[in-house]
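Single chain ahead, written as structure tokens, the form predicted on its own.
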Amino acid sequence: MNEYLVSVLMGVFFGFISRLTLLRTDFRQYPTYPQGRIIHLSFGFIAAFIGAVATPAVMESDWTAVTFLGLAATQFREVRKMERETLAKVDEFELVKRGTPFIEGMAQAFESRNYMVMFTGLVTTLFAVYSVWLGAVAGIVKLFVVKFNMSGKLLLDIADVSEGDIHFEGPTLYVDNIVIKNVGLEKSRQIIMERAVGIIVTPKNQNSIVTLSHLGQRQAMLHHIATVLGSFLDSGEPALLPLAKRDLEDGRIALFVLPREKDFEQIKTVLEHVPVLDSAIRMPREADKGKG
């Protein structure tokens, strides 16, 4: 039996388990079950195998194999492209869209998780070459690391969520003192007063103000509410379309939504667990702005 066989098998096993840990079909119903999950698990197995055989290839000075593995690894960029295109096509038929920044963030996450799987397979095999038990410990440690890095910041880390007062001044819709839009039809105004919920998202610091001003981050908030709690909306109803507007003075964000379930505590919980998009994160407080 090849001296590296057990080590490679351990690397593939722990790498595949790490991908299985990272893969979940949540309330967004993506990836779909079972077709979408099969695709991602297949990519995960390939990534685990690539990472696992890298160590024996280097130890045997098989540089041709290493070059081939590097070439294979670059193909995982296609995963991001595949996810981006799929989600963009699906988003065309959403009543409340995800938005391009949210889609790009999801596509980037799927690509990066394959690299994490590859690294798990590599590290496990590297230790397993010297000791099977050491490899098992390394694989288990990597599983915990993968699980810890599964998600990033959430909205509750950067902002406070409170209920806002919905009211009209003539045809102009307000949430607290923030203008949302004009609603011309009396029937639409009645529906809004009966079913709409106003939300105020207050940034915790200067960085949060700039992050929440990002249009993609605001759209992600609206999409999460509509996906989890439903939306009292149909196509061709612009007056009822959820919107997010910003107070230019203090950076607060006012959300106007019409959920199927009008329960603010549920809405607050959903909003607090909206992920902060990588493309929206800004840190002006850490910039050198020439202030002494």
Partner chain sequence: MAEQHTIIVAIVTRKPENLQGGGAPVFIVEDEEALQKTAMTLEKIMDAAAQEINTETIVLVAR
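Positions refer to the first chain, counted from 1. Just so you know, these numbers come straight off a predicted model, no measurement behind them.
The protein also exists as the form predicted together with the partner chain; that form is not presented, and the subsequent description refers to it.
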message: How about G230 - does it come within 4.5 Å of the partner chain in the predicted bound form, if we only consider non-hydrogen atoms?
response: no
query: Counting only non-hydrogen atoms and a 4.5 angstroms cut-off, does H167 reach the partner chain in the predicted bound form?
result: no
task: Determine whether any heavy atom of R195 comes within 4.5 Å of a heavy atom of the partner chain in the predicted bound form, and answer yes or no.
output: no
- prompt: How about S188: is it within 4.5 Å of the partner chain in the predicted bound form, going by heavy atoms?
  reply: yes
- prompt: Looking at the partner chain in the predicted bound form, do all three of P171, L215 and Q219 come within 4.5 Å of it through at least one heavy atom?
  reply: yes
query: Among 235-243, 254-262, 41-49, 56-64, which stretch sits within 4.5 Å of the partner chain in the predicted bound form, heavy atoms only?
result: 235-243
message: If the cut-off is 4.5 angstroms on heavy atoms, which of these, N177, Q75, N182, S162, is the one near the partner chain in the predicted bound form?
response: N182
